[in-house]
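What follows is one chain in structure tokens, specifically the form predicted on its own.
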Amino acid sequence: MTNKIILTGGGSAGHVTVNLALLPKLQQDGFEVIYIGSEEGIERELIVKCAGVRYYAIKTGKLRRYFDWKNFKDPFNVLTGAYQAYEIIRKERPRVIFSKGGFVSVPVVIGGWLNRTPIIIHESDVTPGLANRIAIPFATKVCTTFQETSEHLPPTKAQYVGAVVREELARGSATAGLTFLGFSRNKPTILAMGGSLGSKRINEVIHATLHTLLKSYQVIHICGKGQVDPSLNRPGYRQFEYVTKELPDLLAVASLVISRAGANAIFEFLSLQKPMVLIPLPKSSSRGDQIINAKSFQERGYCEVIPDEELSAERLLQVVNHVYEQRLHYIEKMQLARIQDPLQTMIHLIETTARRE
């Protein structure tokens, strides 16, 4: 049997980044990598650029916590996607399936379970998301980023791994980033981002305070698709919808980061020792996972947190200035973070599971 693995996960970049970190290692170890994702999600855009990976698109249905007429249609899309995934898995016969979560992963996990294929799930947040909560009963193992997540999982399935971070992020060049941006070395730089889908709320506050920020800082602003405002272009300010290839260099330039509190992103900032101002998604538009993530990081001294409902131009300026002035304190705390190799741990678990199959 060919040494195949199926990866899945999508809906946002956070549900793809771990797969992107694993992918080259798996290929080096002799796995043929197949990806199952949605027809139009960001995972397709990111994965089709990866050499040697075959991509299958299936029907998906978003798992909403609010009323929407699509809620009546989407269960049928999930069922269709589960059948499509079942047929793909039956044909490809992978040794193992690795799921990063997101709504696209549910039909794949169900299809894998029906094929009796071992399934490894990765949960980034302190508490499992809705898609993973549905998928956990079908899983062989559930890998966690936070140690405390094990409290929410069956003891026989939980395995603490830590944060899997893309290795290429550590290879960024500040010189290349400054050249790409046209920025000066003599002024600190802020990287502001609202996740792969952008954050209208963060964008509005950045725009409102931009004039004042630019007196002391240069600003890289990753706005999200369709949210770039060309009328705001000026020296020391660069805005992008989304960044892939240049992201390591932009992170190398950044003195601090303003961000939502998705687990994958904040652990990447931690690995690079970037002081953070975190603005977690509020419970009104999420399940509250980012609030828990941000609180965990704040308690460890890695960041300052602004609740979304308290966000204003004045508050953002105050906290940004504080974090920058105390940046060495935050970096010192981050340097004390436990040193480990979660990427290799995950690869070992995948290979061991594949051999057992």
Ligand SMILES: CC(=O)N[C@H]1[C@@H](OP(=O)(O)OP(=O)(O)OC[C@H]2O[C@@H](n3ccc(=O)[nH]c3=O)[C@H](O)[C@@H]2O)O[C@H](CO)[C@@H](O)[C@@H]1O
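All residue numbers refer to positions in the sequence shown, first residue = 1. Since the model is a prediction, treat every value here as computed from it, not as a measurement.
Same protein, other form: the form predicted in complex with the named molecule, not shown, and the subject of what follows.
None of the heavy atoms of residue 111 is located within 4.5 Å of the named molecule in the model of the complex. The shortest heavy atom separation between residue 268 and the named molecule in the model of the complex is within 4.5 Å. With a 4.5 Å cutoff on heavy atoms, residue 13 counts as touching the named molecule in the model of the complex. At a distance threshold of 4.5 angstroms between non-hydrogen atoms, residue 293 is in contact with the named molecule in the model of the complex.
Note that among 318-326, 299-307, 284-292, 30-38, the stretch whose heavy atoms approach the named molecule to within 4.5 Å in the model of the complex is 284-292.
Using a 4.5 angstroms heavy atom cutoff to the named molecule in the model of the complex, all of 193, 247 and 263 count as contacting. The partner is absent here; in the model of the complex, the one residue of 243, 88, 257, 158 having a heavy atom within 4.5 Å of the named molecule is 243. Contact with the named molecule in the model of the complex, judged by any heavy atom within 4.5 Å, is made by just one of 95, 141, 166, 238: 166. If you take 115-132 and check each residue for a heavy atom within 4.5 Å of the named molecule in the model of the complex, you get 124, 125, in sequence order.
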